[in-house]
Ligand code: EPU
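Quick setup: one chain, the form predicted alone, written in C-alpha cells, and binding and motion questions come after.
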Amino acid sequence: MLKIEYDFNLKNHNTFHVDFLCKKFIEINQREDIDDLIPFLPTDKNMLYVLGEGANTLFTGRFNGTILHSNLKGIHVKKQENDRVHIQVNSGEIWNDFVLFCVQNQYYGVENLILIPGSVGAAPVQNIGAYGVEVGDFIGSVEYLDLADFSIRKIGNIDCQFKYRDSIFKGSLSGKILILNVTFVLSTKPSFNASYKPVQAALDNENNLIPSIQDMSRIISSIRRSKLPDPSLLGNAGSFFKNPIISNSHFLKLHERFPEIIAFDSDGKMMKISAAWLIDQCNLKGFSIGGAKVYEKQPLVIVNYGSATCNDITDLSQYIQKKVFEKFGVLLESEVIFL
C-alpha cells in the first residue's frame, strides 16, 4: 500500500541523522503501488527526489518538494547455469542483508562490499565499491520506472555506463527514474579479490591459503569496523570524498615533493590518488566545526557527534577541500550528494 506523509522528518532516512523536513514523502511498498503513485507526483520533476536509505545524501535545509522512496522487498534466485547464478533483488532491500544472503548461500562476488550502508536500489547509482571491488562488475541488468511516462524498462550492464563512483543513473537518468530491482550475476565457484593489501595480509596471518566466503566476509568486516564508524551509532555517510584522478604529469610533480604519496594507476594515462592520504597530510584528523568532525580513525569520513547541523557538515567539507587544494593543488570531489 502506498504511504504518503506531509511535512515528514527525514532524520531516520539519512545516515548523518540530521533533522530535515520534506513537503511530501511517498513510499512504495509493492509493485501495485505504481498506478496509485502517479497522481501524487509533482509535475515539476525538479521538485522530486528519489531517496534510498540516505547513505549518500546531505540535505542542506527543508526540501519543499516530494521525496520518493522504495520499500520494495524480495530476493529471488532467477536461474543458475554452469557456475553463474542470477539473483533479482528488489530496490528496497538493505544492501548488507543482500550481501549476507550471498555469504550464507556461497554466491561469490560481493563479499568485499559487506557492511556498506544503503539500499540495493542505490548501489548501481553510485557504483559502490570497496577493497578492490565495484558492484557494477556484478550487475547484469537494472529494471526501473520511467517517471516521465511511467513505463517500466530494463537496461543491461553496458548501458548502465558504470565508471568509478558513477553511472548513467547519476548522469542522464538522474532524477528521471525509480529503480525497481537489480539483477546480479555472481559465481557459485570460489573466487575472491584480495588485491587490497590489508586483506591479503590478514589472510597471510591466518595461514589460510584457501579461504571460505565466510573467512573473507569476516576479514573485510573486521577491517571496515577498524576504520569506519557504524552509521547506526555515529552519524556519517562513509567516504565523503572520491579518490581524485589526476594526470600523470601532475602526479609526477606531486611525487617529487611527496615521495610517500599513495596512488594507483587509473588507466595508464591518469593516476588515482588516495583522498584519505591527502586529508591526513593536512593534519585534519579530529578537526571539527560545530558538531561535525573528521573521524580520527579515517580522515575520509565526516561524522556527526550528535549535534551537527547541515551547515556544520557543509562548512567542514569545504574546509577540507580548501586545505587539500592549498597544499596539493588537487580539488576533492564529494561522493555525498548535497540537496
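From a predicted model like this one, the values you see are computed outputs, not experimental measurements. From 1 onward, residues are counted along the sequence shown.
The form predicted together with this ligand is left out here; the points below concern that form.
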query	finding
One residue of A237, I87, A202, L254 in contact with this ligand, assessed in the model of the complex (non-hydrogen atom, 4.5 angstroms)	A237
Candidate from H76, K189, K227, K269 lying within 4.5 Å of this ligand in the model of the complex - any heavy atom	K227
4.5 Å heavy atom contact, Q298 and this ligand in the model of the complex	yes
In the model of the complex, D280 touching this ligand (heavy atom, 4.5 Å)	yes
Residue contact check: A276 to this ligand in the model of the complex, 4.5 Å heavy atom	yes
Partner proximity in the model of the complex: L147 to this ligand, non-hydrogen atom cutoff 4.5 Å	no
Contact stretch among 162 to 170, 149 to 157, 97 to 105, 246 to 254 - heavy atom within 4.5 Å of this ligand in the model of the complex	162 to 170
Sequence-ordered list of residues in 322 to 339 near this ligand in the model of the complex, where near means a heavy atom within 4.5 Å	E335
